[in-house]
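A single chain comes next, written as structure tokens; it is the form predicted alone.
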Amino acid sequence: MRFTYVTLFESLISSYFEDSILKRAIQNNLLSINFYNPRDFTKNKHGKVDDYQAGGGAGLLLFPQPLFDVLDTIKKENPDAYFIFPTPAGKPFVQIDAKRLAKKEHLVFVCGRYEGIDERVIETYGDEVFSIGDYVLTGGELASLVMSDAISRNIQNVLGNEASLSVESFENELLEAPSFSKPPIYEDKLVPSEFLKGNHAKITSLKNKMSESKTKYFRPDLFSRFNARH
């Protein structure tokens, strides 16, 4: 999998790949990352990439020329590139999207700044437009990282134990059941006794019940859909 980031601030993204699972994925040639900066493509003599909004409005937009030129360059060099624009106005990014996009060869995340990106760029190049939540960030870098992380975990061999994917939240309509480690007693708080007896059928049954209870409490919307299907 190749991740390309179009961003004014490469360092906000690159540091995330310097540790842990994603670092090992790069070392094992399961992932590669690279960057394009729109400032390197602007024809503005002052190096600007932003301008006032047509029709007025607070804040500046990334204007079309640098972005069209950088995305044209990426597309010519990488015909298989699949362009993703993170924006609060996009459709919600969910687990099924992460699993689906993990099968792509090359994802390009176009990170907006200021008040966003000129809509003509998104209309021309946006293969998909995603939001990671109903809130506004200062730029698209963090949203791109969230999606990259979720996608990476679904790439074969990136995780040390891929069996863990099958029991995580959103894989089976419900949130993942609570998890516990040793010791069985800590500051008078107990691990459920059934977890300590080794009966895997009973442990699974208990986890299923706990998963339903957790979903009902934290995500009643998901629980309602789960109930309707069962």
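So that there is no doubt, residue numbering starts at 1 and follows the sequence shown. Everything quoted here is computed from the prediction, not taken from an experiment.
The form predicted together with a small molecule is left out here; the points below concern that form.
When contacts are defined as a non-hydrogen atom within 4.5 Å, none of Leu31, Ser152 and Val158 contacts the small molecule in the predicted complex. Out of the listed residues Ser131, Thr124, Thr73, Gln95, Ser131 is the one that sits within 4.5 Å of the small molecule in the predicted complex by at least one heavy atom. Using a 4.5 angstroms limit between non-hydrogen atoms, Ala102 is distant from the small molecule in the predicted complex.
Interface membership of Ile117, defined by any non-hydrogen atom within 4.5 Å of the small molecule in the predicted complex, is ruled out. Proximity of Val108 to the small molecule in the predicted complex: non-hydrogen atoms within 4.5 Å are absent; the residue sits far from the partner.
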